[in-house]
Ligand SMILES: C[S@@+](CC[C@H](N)C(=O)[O-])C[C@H]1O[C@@H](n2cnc3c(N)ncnc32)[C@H](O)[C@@H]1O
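The form predicted alone is given below as one chain in structure tokens.
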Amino acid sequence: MDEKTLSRYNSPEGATDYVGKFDRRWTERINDWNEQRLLRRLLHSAGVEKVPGVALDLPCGCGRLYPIVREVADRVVEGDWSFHMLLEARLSASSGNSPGPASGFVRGTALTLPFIDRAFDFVLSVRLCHHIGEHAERIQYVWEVMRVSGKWLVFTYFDQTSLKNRLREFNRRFNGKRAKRTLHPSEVAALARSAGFDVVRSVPMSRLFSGHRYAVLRRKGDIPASAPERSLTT
């Protein structure tokens, strides 16, 4: 991610602006409602029920999807690069509308996650991949979230084959805009196989209005549940 974007998110003003956009803009409220409904349906259809260990929500932002992660796991670690986003997430998780406090808050970069291999039974990583500028770093990010997942991984990426990306590529010949930061579904499937995962679901957030794609991965074989006393960090 470029320094300008990182600095904005890791500032009080950037965090406040991000939190407030879901209240200020009716389009964001609709997008948020649709995305949460899609995620719940996706988890249900993939058979992701209660996991016995610990879940990771990274980047957690202001804790927008934390209630859904708590539906899957009783113990959840919220992670983000931004100190101020983590503060917003902590406040949200402690509010009266929250399903309960998180088990921990950790600052870290998704390119080198500060956790041991297979530390979590469920990992959710949403709306980060398309912010990562270099293709090699996008691959590194996918490897990292797979590395720390012992069983389930749900993440999003901007689909190279999506209608929105195809239209953008066509229009770039005339408007000079930069290319979207994408991954190809076949590329994601190959990465999953090489890391010992199956892609059990892969669906677009919206075929017409969004290029983002949700992927649900499950590690092959039986993986023991995370022991409560086990240290998650490296």
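A residue's number is simply how far along the shown sequence it sits, counting from 1. This structure is a prediction, so every number in the text was calculated from the model and none was measured.
Form predicted in complex with this ligand: not shown, discussed below.
Taking heavy atoms only, is residue 103 within 4.5 angstroms of this ligand in the predicted bound form? Residue 103: no, not in contact with this ligand in the predicted bound form.
is_contact(residue 189, this ligand) in the predicted bound form, heavy atom dist at most 4.5 Å
No, residue 189 sits far enough from this ligand in the predicted bound form that none of its heavy atoms falls within 4.5 Å.
query: Should residue 53 be counted as a contact of this ligand in the predicted bound form, where contact means heavy atoms within 4.5 Å?
result: Output for residue 53 is no: heavy atoms all beyond 4.5 Å of this ligand.
Consider residue 110 of the chain shown here, and say whether it contacts this ligand in the predicted bound form, taking contact as heavy atoms within 4.5 Å.
Residue 110: yes, in contact with this ligand in the predicted bound form.
| said: Check for me: heavy atom within 4.5 Å of this ligand in the predicted bound form, for each of 123, 149 and 197, yes or no. | reply: No residue of the spot touches this ligand in the predicted bound form.
Worksheet item: Which one of these stretches, 114-122, 77-85, 159-167, 90-98, sits within 4.5 Å of this ligand in the predicted bound form when only heavy atoms are counted?
Response: Partner-contacting stretch among the options: 77-85.
Legend entry - Heavy atom within 4.5 Å of this ligand in the predicted bound form - the one residue of 65, 203, 38, 46 that qualifies: None of the other options qualify; the answer is 65.
_Residues in 29-58 close to this ligand in the predicted bound form, defined by a heavy atom within 4.5 Å, in order_ = Stretch hits: a single one, 58.
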